[in-house]
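Single chain ahead, written as C-alpha cells, the form predicted alone.
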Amino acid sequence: MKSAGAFPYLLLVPALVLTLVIVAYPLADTVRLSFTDASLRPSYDYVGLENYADIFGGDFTVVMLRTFLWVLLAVVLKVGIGLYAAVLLNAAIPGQKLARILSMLPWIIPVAIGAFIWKWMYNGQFGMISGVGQRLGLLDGPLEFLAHRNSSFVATVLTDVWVGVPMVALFLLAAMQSIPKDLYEAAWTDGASRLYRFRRITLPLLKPSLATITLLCVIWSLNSFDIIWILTEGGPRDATTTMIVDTYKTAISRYRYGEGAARAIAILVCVSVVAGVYFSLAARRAPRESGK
C-alpha cells in the first residue's frame, strides 16, 4: 500500500492556523491581560496575582456562590423536566408528532426574542403572570417580578429552563428510541409495570446520555448571559449577577480589562473542571462497557 506521506498533515494546516488565530491567541492574550491593571489608560503595569487575589477576597466570592446556586437550579429543572417530557413524547399517544413539533418552539425561537417575551410576562402592570395571579386571588396587586431580589432570581432561572428544556427532551428522546424494543416486550410479557420498566430498563440505559446532557447543561448555564442581561442586567442590586454577567460588567461597563480577564479565566477553569470530571468518568466507564 502506497504511503500518503505528509499530504494528510498538510490538509490539517488550515484548520490548525485557524484554531491558533481564533482560539489560542485570544486565550493566551486574555491570560496575559489577567496579570495587568489594564483599563482605558494607554499603558498598564503587570500586577502579578493581584487580580486573582481580588476574586477570592472580594465580592466575586458571593457572585460565585450565587452562580453555583443558579446553575444547580437550572440544571436540575432542565434535566428533570426534559426527561419527563421525553418520556411523554416517546409514548404511543394520538397527536404524538404534533406534540413533538410544538415542544420544540421554545428552542426554535431566538433566545433574545424569548427573553423579551418573558420580560413582558413578568411585567407587573401589563404582564400575564401578574394579571392571572390577581384574578385567581393569589396576588393582592400588581407584582413586578423583576424588581425584587428573590423573584427576579427565580424568574431568570425559569426563563433559562424554558429555553433549555426542548433541547434536553429532544436529546433524551433520541436516546430512548435507540433502546431495543424487545427489552420492553420481554418485561411486558413478564407483567412488569410501566414504572418498573422505566426504572430497570430505560433509566439505566439512559445514564450515558443523561451524563452528557447534564454536562452540556452545566456549561450552557454557566455561560448563560443573554437571558439575564435582557431580563435584569444583573439586578436588582446584583441579585441576578452571575459570574459571566459580573465579568462583562467589570471588563466592558467599568473598563477594568485586567480584572475582567481574571474573572474570565476563573469561568474557564470552572468549565474545564466540569468537563474534566465528565471525561474522566467516561474514560473509566468505556472499558467496562466494552467488556475489557
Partner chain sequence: MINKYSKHELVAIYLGLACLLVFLLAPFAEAFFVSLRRLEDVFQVPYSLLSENMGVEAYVTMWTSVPNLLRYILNSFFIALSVTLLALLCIVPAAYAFARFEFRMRDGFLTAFLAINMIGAAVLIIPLYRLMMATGLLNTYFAMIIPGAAFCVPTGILLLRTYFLRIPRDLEEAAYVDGASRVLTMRRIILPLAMPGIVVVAITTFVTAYAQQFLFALTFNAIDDFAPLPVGLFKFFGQQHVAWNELMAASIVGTLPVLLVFFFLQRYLVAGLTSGAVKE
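Positions refer to the first chain, counted from 1. We call the rigid core whatever largest set of C-alpha positions still superposes within 1.5 Å between the two forms. It should be emphasised that the depicted structure is a prediction, and the values quoted were computed from it without experimental measurement.
The same protein also has a form predicted in complex with the partner chain, omitted here; what follows describes it.
Peer 1: Could you tell me if all three of Ala53, Phe68 and Gly234 have a heavy atom no more than 4.5 Å from the partner chain in the predicted complex?
Peer 2: Contact check failed for every one of Ala53, Phe68 and Gly234.
Peer 1: Consider the chain as shown here, without its partner, and state which of Leu72, Val154, Ala211, Met128 has a heavy atom within 4.5 Å of the partner chain in the predicted complex.
Peer 2: The residue from Leu72, Val154, Ala211, Met128 that makes the contact is Met128.
Peer 1: Determine whether any heavy atom of Phe116 comes within 4.5 Å of a heavy atom of the partner chain in the predicted complex, and answer yes or no.
Peer 2: Contact with the partner chain, yes.
Peer 1: Are any of the heavy atoms in Ala174 no more than 4.5 Å from a heavy atom of the partner chain in the predicted complex?
Peer 2: Yes, contact at 4.5 Å.
Peer 1: Should Ser280 be classed as touching the partner chain in the predicted complex when contacts are defined as heavy atoms within 4.5 Å?
Peer 2: Contact with the partner chain, no.
Peer 1: Would you classify Cys217 as touching the partner chain in the predicted complex, given a 4.5 Å non-hydrogen atom cut-off?
Peer 2: Taking the distances in the predicted complex, the answer for Cys217 is no, it never comes within 4.5 Å of the partner chain.
Peer 1: Between 192 to 231 and the partner chain in the predicted complex, list the residues on our side with a heavy atom within 4.5 Å.
Peer 2: Going through 192 to 231 in order - heavy atoms within 4.5 Å of the partner chain in the predicted complex - the hits are Arg194, Arg197, Leu215, Ile219, Asn223, Phe225, Asp226, Trp229, Ile230.
Peer 1: Quick one: core overlaid, is Leu268 moving 2 Å or more at the Cα between the shown form and the other one?
Peer 2: No, because once the rigid core is superposed, the C-alpha of Leu268 moves less than 2 Å between the shown form and the other one.
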